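The chain below stands alone, shown as structure tokens; this is the form predicted alone.
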Amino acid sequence: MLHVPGYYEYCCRVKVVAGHDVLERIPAILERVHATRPMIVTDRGVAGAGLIDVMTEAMGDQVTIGGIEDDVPPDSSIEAVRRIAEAYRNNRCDALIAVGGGSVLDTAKGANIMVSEETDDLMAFSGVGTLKRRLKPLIAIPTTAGTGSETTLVAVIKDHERHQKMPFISYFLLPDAALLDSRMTLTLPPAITAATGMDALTHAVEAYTCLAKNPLSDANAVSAIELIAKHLLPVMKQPEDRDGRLALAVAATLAGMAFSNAMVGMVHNIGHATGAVCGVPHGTCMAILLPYGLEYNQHRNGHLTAELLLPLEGADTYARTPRNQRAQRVIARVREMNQSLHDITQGQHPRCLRETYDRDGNAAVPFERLPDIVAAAKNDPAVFLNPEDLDDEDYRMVLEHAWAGTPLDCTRIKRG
């Protein structure tokens, strides 16, 4: 996206249907896009939780399902995209219904590229603006309140051979419809609720504070931050709260609309690299790295960070906090939220990279892997619209502090 002062573009042509019982609208939506034989794309966790059964029961016998692919990995991969595209063709499907978190939604977007373009070379369409025509119908049903992929023009697919996350950016990747149904997040485990909630918060904060912000994306971002601040911790304590769950789902969608139009910055840049190199889940990376991105950029955009104290903590706190302390208060509040989530999940929500572990209980981010993350971050385009540049030394400084869980030494940050 071109950054020219005073100029902006905003587009979100996704039909959003939200409520406690909106899955029943799927047949009508499929009819509107002239689809009769959709493929369901999901993962084993979603299927195992019975959410596909909830969805198919809501649709009744009005829809003929062309196939169910329920083996999407936690980190979307080129291999998974190719396998699903092949199954779509073999089963003569004419639409996709993606039911899951960000990995599932991004995988469905990738598969949609392949089946719509009738190609076996997904990577030929990576980057910005490579898609030139409308894709097959896609309905997105998020089961986490985090990625906002249901209203974004972005898909991120991992190339495991190159240890790199590849971005695909096009308005043609926007789903035809997004269904936000509170039933689909009620069974979300506490640690995932925490990580995805902080993921959505990061989307909104970076959209508001990075270089391509605009008045429309700002409105989305501020609304998302207010909803997350109000509902995330209460939902962690009362996970069966359907109103709170729906509010977080709406917040994630708003944040997705914000960053899809304003893009993101160094938090996503370093987070993409950390996930690609060490396999740390994206939401976990966002939660850990958000305060460091705000600290690093503060000399450039601290006035914008300060403005976020109002939706984050309310009018009373905003009014009684001195103007020159508001940005620091926002950063402190983000760290307090991470601490509260760490406590509620009994340590499952990490506060720093040193506290992340793989499935075997080993350190997910050994200190000696930090140079590998730096190398990967330098090739990730998410940093393009960050308010301040980063070189090798800057990346290493940020990562070392994020690894140890210590605030940045702001005197070491350049003032270029």
Partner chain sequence: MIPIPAFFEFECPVKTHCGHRALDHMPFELRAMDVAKPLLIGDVPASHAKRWRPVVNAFRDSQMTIGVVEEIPTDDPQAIVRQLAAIYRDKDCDAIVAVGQGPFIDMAKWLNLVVSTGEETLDAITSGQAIPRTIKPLAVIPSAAADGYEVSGLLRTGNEAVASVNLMPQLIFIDPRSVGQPDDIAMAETALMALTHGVETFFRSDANPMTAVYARTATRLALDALHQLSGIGERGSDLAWTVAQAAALGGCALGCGPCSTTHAIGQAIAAGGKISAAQAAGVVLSYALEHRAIANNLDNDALWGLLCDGDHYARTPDSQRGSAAFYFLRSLLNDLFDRTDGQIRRTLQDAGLTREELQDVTVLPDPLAEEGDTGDYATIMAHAWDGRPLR
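For clarity, a rigid core is taken as the largest C-alpha set superposing within 1.5 Å between two forms. Numbering follows the first chain given and starts at 1. Note that the structure is a prediction, hence the values are computed from the model and not measured.
Keep in mind that the form predicted together with the partner chain is missing from the display, and what follows is about it.
- Checked against the partner chain in the predicted bound form, the residues 310, 278, 87, 114 give one hit for a heavy atom within 4.5 Å, which is 310.
- Only one segment in the set 73 to 81, 270 to 278, 332 to 340, 251 to 259 has residues whose heavy atoms sit within 4.5 Å of the partner chain in the predicted bound form; it is 251 to 259.
- Contact between residue 186 and the partner chain in the predicted bound form is not found at the 4.5 Å heavy atom cutoff.
- Although the partner is absent here, residue 247 is a contact residue: one of its heavy atoms lies within 4.5 angstroms of the partner chain in the predicted bound form.
- Interface residue remark: residue 124 is not counted as part of the site for the partner chain in the predicted bound form, having no heavy atom within 4.5 Å.
- For residue 33, a non-hydrogen atom is located within 4.5 Å of the partner chain in the predicted bound form, even though that partner is not displayed.
- Taken together, the three residues 9, 220 and 226 all come within 4.5 Å of the partner chain in the predicted bound form, as judged by their closest heavy atom.
- Counting a residue when any of its non-hydrogen atoms is within 4.5 Å of the partner chain in the predicted bound form, the hits in 21 to 40 run 21, 22, 25, 32, 33.
- After superposition on the rigid core, the Cα of residue 170 moves by 2 Å or more between this form and the one not shown.
- With the core held fixed, residue 198 shows a CA shift below 2 Å between this form and the one not shown.
- When two forms of a protein are overlaid on their rigid core, residues whose CA moves 2 Å or more are considered shifted, and residue 130 is one of them between this form and the one not shown.
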